[in-house]
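First, one chain by itself in structure tokens, the form predicted alone.
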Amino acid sequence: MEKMNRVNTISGRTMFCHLDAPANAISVCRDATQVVVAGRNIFKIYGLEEDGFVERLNLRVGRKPSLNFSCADVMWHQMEENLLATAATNGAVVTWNLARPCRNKQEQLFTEHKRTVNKVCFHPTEVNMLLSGSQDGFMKCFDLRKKESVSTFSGQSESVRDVQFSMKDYFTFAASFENGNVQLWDIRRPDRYERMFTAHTGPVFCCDWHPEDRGWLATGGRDKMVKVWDMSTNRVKEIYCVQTIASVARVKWRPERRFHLATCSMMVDHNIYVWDVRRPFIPFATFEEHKDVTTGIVWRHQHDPYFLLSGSKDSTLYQHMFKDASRPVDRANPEGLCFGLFGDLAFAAKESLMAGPPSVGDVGRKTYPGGDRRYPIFFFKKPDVTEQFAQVSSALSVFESEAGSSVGMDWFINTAQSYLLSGKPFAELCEHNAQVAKRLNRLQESTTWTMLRIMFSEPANPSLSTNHNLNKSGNLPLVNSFSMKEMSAALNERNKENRQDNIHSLETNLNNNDENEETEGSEGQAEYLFGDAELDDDDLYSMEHDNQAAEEPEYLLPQEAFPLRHEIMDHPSAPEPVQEKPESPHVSGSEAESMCLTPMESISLISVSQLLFSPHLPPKFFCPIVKEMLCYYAEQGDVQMAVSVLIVLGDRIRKEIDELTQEHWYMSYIDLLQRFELWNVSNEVIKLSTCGAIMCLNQTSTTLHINCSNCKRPMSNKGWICDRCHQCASVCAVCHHVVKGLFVWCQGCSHGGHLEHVMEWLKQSKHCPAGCGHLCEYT
């Protein structure tokens, strides 16, 4: 009755007050009448009145306030109403007694930590017990009746982010660390933790014990997730997971509501969210009053679920009334749509919308009116009268793709594994990828790669000549080019065989150049013929009729090579002087033109035939078309093609597409690759990316903190021999031999060995092969 009366007397409204400086943490006293606000430049106590906040006491006293007043965290004792503790940025832990008659309320000062203290926590039932966690990786337990710590706990990590005493277990506390681990300790055993598990993929910034369920622990981290763990079993089990939109800085269970907890973000997001962990996708309630990042949240009373206090970097202190919170679920779309990896389509909507008569499009639809257990979607849980969400009965329809249909994703996997994105010249990459697409019956993609090769290859590269001729299949080649030396050598060899036939052929060809398209050296064939690579008569005949309309204007251009050859015809005596010189080789007019240009080492034939301009369009001309093509593929859902072309083209097209669009394509493709477990391909795409947000995915920390399997102490980075016990740490727990290759170990007990041996052992037993009794798991 005392608790109920106390709760009933709490009243108020949504209100706020301006602070002198940004707040880092807040804490409320036991009777919910006062709140303390602490930060780097503020340390004050405010009274909670009906009309608003009233400043009661300023604890920053003295002419020259020391760094002991620069607070990273503050805690008000829930047993002793006059006792406070703060964590200072200089590594000090300070206790404050509000009952002292002097202005300076500081009572105890502990300076054992070497770096910033991130968290302090009083024992919920023991008055004189205080726990601290620091950036130096140590946790210390203080007895306030003594002048120094009574126990030191080494987390063997870079930093301790949070420490919390269990609400139900007197001797247990939890600690969260920078490396993503959470440890459970017994205050009676400071030499070794009781349990450790990896909770998040990045730093774990906060944790909080459930006030009612003894074994529930909520954690929040940089990976934007809030996870609820069941610690009451032999094996730690994740029972709920909430995905937020920013790093989670604080998490607090809501009083009198078993499934509700409040969170705030460390950056970007200024709102405070209250989540129902059973529905992790939409917040149950949102408080949107703060204009900057929220740094501290606390429920006003441990038995009152309707008032929440918060401090922020915007230098405001708020009291939020729960009835004034916005409800995102009221604005949410009540329908869901999702594609499966292999083409299955799931659609969920209100039962009233799905209860109509079957239509033609319903063929192949498989309906799960009560929800299929294979699909863990929260729409289909049975109605619960205690739940405060709107009771909406939904139905799920699954459209399954037929086996062997084109909707399957085998082509995606084969293409991702077979495509070449780097390591070869551009033309070879395009040619290879075109063949891969053609082999998988993706003709449009194959043609796209071929056209990219045509548009962006350099015309003066002789190494590509043998692969880029027009073949009988109808594929267009690149505009060919070759060196003048090669041309001269070929013509010289031919003239040695029959000089008179060559001269006669030259005269005939020059007189009939408008009729005969096979004239060697003419503009019509300058793009397709060189050396011995000539076309058959059938190919040329088919080309004339297919491309006649497009080719006729080219022969009328005044700057072609024909006027130069007619000039040779006007002087028929030109070849005779050549014949009179026995030491000179007999050359034709075409060859003479070639020989006069031999000082140029390698020059395109087109540049010889057309001296005034080049017939090749610059690559920039095609960039708008290629950009439109990439957007088309992305809009059609084929981000694989968009990203592959983007990587292969590189700087040719990258500047034409804004970086946000590129990042979106990359993230979509990488997500697909990882869903299909194509880790190597995903890593290659990340490595070849030029977007900063994508490249950083491969640059995360890979620091490993290794403990000796014998003495359980941290090892140095000098080698595999422990400095303390002088034993080799890399001994296989199964075969007892030194591991010289791949070594795998358990993060819980530090025992391990050969990968094959450990995997074989864990197939038969879950207990550690070293006999320590730990339940190991290999995932």
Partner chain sequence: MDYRLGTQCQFVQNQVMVNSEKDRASLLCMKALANRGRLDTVSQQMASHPQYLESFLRTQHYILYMDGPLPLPYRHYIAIMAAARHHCRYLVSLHSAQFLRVGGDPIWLQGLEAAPPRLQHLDHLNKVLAHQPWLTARSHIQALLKTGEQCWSLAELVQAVVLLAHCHSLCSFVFGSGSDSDGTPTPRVHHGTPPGYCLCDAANGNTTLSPPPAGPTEKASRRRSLDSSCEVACLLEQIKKSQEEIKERKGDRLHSQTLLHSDVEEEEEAMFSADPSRFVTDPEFGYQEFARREEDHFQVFRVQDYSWEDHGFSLVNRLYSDIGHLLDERFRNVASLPFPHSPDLKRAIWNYIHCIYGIRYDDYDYGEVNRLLERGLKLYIKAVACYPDSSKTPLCPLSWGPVKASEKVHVNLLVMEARLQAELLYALRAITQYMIA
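This one's a predicted model, so the numbers in the text were calculated from it and none came from an experiment. Numbering follows the first chain given and starts at 1. Take the two forms, find the largest set of C-alpha atoms that superpose within 1.5 Å, and that set is the rigid core.
Heads up, the form predicted in complex with the partner chain isn't pictured, but that's what we're talking about next.
**Q** Is V54 part of the interface with the partner chain in the model of the complex - any heavy atom within 4.5 Å?
**A** Flag for V54 set to no.
**Q** Would R40 count as touching the partner chain in the model of the complex under a 4.5 Å heavy atom rule?
**A** Yes, R40 is a contact residue.
**Q** With a 4.5 Å heavy atom cut-off, would you call I245 a contact of the partner chain in the model of the complex?
**A** Output for I245 is yes: heavy atoms within 4.5 Å of the partner chain.
**Q** Just to confirm, N90 within 4.5 Å of the partner chain in the model of the complex by heavy atoms?
**A** Heavy-atom contact with the partner chain at 4.5 Å: present for N90.
**Q** Among E112, E684, E107, E178, which has at least one heavy atom within 4.5 Å of the partner chain in the model of the complex?
**A** Looking at E112, E684, E107, E178 one by one, just E178 meets the 4.5 Å heavy-atom criterion.
**Q** Name the single residue among L67, C725, V61, V738 that comes within 4.5 Å of the partner chain in the model of the complex, judging by heavy atoms.
**A** Contact residue from the list: L67.
**Q** From the candidate stretches 423-431, 316-324, 449-457, 113-121, select the single one in contact with the partner chain in the model of the complex, where contact means a heavy atom within 4.5 Å.
**A** This holds for exactly one stretch, 113-121.
**Q** Even though the chain is shown alone, can you say which residues of 266-289 have a heavy atom within 4.5 Å of the partner chain in the model of the complex?
**A** In sequence order, M266, M267, V268, H270 come within 4.5 Å of the partner.
**Q** How about K627 - superposed on the rigid core, does its CA move between this form and the one not shown by 2 Å or more?
**A** Result for K627: yes, a 2 Å-plus shift.
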